[in-house]
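Only one chain is shown below, in structure tokens, and it's the form predicted alone.
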């Protein structure tokens, strides 16, 4: 794959990672467990991408984090809050609409009946 193709592929993936991460935070997850869940669905995410994304989602008040210090190794758990859940549902609906429209474009079908 050429550098341009790699760049475009990375750009395409970057736009979908937020939605992928939000989809998995309906139940509390710590970073490693989240990365594992995503990877089991075929989505790989580097730690250097995941943790800044989680911090950004927390700053945007979509995600709440808490520390679990009951284990020998403390873990920070992230979960959608009410605002995050509402936002995730809106993004999911937009994704479904956009992906259906894009599918039609990629198939070469024109759903605009004026043409």
Partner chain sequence: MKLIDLYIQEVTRRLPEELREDIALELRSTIEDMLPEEPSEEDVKVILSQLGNPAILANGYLDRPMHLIGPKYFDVYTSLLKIIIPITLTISLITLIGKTIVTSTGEEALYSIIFSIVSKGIWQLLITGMQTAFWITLIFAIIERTDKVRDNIPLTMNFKKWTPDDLKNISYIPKKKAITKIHVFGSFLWTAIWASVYFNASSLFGIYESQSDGFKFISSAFNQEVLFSYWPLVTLVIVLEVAFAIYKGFARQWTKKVAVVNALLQTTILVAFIVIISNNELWNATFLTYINETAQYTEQVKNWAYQSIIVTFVIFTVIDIIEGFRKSRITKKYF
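Numbering follows the first chain given and starts at 1. Model, not experiment: these values are computed from the prediction.
There is also a form predicted in complex with its partner chain; it is not shown, and the following applies to it.
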Partner proximity in the model of the complex: residue 83 to its partner chain, non-hydrogen atom cutoff 4.5 Å: no
Residue contact check: residue 70 to its partner chain in the model of the complex, 4.5 Å heavy atom: no
Residue contact check: residue 88 to its partner chain in the model of the complex, 4.5 Å heavy atom: no
Close approach of residue 47 to its partner chain in the model of the complex, 4.5 Å, heavy atom: yes
Heavy atom contacts to its partner chain in the model of the complex at 4.5 Å, residues of 66-101 in sequence order: 67, 69, 73, 74, 75, 76, 78
